[in-house]
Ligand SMILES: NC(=O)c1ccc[n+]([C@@H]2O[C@H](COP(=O)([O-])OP(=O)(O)OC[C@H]3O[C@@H](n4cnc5c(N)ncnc54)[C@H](OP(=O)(O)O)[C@@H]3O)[C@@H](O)[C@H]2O)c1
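Heads up, the chain below is alone and in the form predicted on its own; it's given as structure tokens.
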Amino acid sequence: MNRFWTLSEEPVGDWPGPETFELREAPMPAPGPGQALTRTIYVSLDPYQWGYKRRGVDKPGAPCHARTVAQVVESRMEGYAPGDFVFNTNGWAEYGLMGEGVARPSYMIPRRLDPAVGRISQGVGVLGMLGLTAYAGMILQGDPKAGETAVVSAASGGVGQIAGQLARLRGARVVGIAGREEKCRFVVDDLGFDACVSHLSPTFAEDLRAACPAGVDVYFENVGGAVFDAVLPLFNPGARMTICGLIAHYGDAAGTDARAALMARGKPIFESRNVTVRDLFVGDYVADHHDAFLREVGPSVAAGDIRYREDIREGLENIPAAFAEMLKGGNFGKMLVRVGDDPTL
């Protein structure tokens, strides 16, 4: 039998609760022609998945969507053999199929992972879609220059920690925004940011202004809300802003357009200072930039020039609790759940 988490029949609320998901069993899927059966090792938990669930992309009765690291068990798929490690989208499940006829987002293409290049868990992190997200937003959209100031919100999270280090390697002065003090210390002491301020501080806006005496040239937005409001007056003429996520608004009432509200608040400064604002959808960059991203970032990770922290929880049963905790900022690093044995450890 294959165990998996699915949405319950209850309406999806503003934030996930104990009633949101159900743990079910179904017969083990058998691979057809052009398919492979894979055993899930790591499930990636990311804020965008809550949007999938609230918008009805995930359906009751089917495994909840997630990017995964898995190992091939049985293959009728050319180029894949039992024992291969792969990036795929098994979701919140112990096993899943990949290949012909298996539904997945068009840009989430299965690929083999080489344990000699990096930890296989990094296939859904710094060497996977999260790394490409940071690269696309910071390097391709933000284009930080030496001597400029780049600010990254959710700086200790899966995307933020990579985005800030990429800006640092380009010679920018990098300021992170995080929550707990231990996260801020990690961002500075371990990741090499020049400064980090806590959005939990009662003087957060003043602290951020003091950390950015020359203003802000590049802003990598992961949060929105009060964090965006503190960054907004600091934009320099010609600044660039990338909207990767707005996690502070993921629990807003259904139908609320958080991006439209953000753009309305920012419009006077955006227009008067000629600030360029771009949305970031990683699927737009997979085909043309994935290989270039790996060529640039892979060696930096291997050499230790880019560091990466993971927050790994254990057990399929704990996925919903870990997911809810991640949405509220309770994770420290990239949130993963290990649901099967990792033979590379």
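Start at 1 and count along the sequence shown; that's the residue number. Quick caveat: nothing in here was measured; it's all calculated off a predicted structure.
Form predicted in complex with the ligand: not shown, discussed below.
Taking P31, P47, P63, P320 one by one, only a single residue has any non-hydrogen atom within 4.5 Å of the ligand in the predicted complex, and it is P47.
Only one of the listed residues (V175, A167, M98, L130) places a non-hydrogen atom within 4.5 angstroms of the ligand in the predicted complex, and that residue is L130. Using a 4.5 angstroms limit between non-hydrogen atoms, G179 touches the ligand in the predicted complex. For the chain shown alone, Y52 is not a contact residue for the ligand in the predicted complex, no non-hydrogen atom being within 4.5 angstroms. Remark: G160 counts among the residues lining the ligand in the predicted complex, judged by a heavy atom distance of 4.5 Å or less. For P16, no non-hydrogen atom is located within 4.5 Å of the ligand in the predicted complex, even though that partner is not displayed.
Residues within 4.5 angstroms of the ligand in the predicted complex, judged by any non-hydrogen atom, belong to 243 to 251 and to none of the other stretches in 261 to 269, 243 to 251, 70 to 78, 84 to 92. Residues L280, F281 are the ones in 258 to 281 with at least one heavy atom within 4.5 Å of the ligand in the predicted complex, listed in sequence order.
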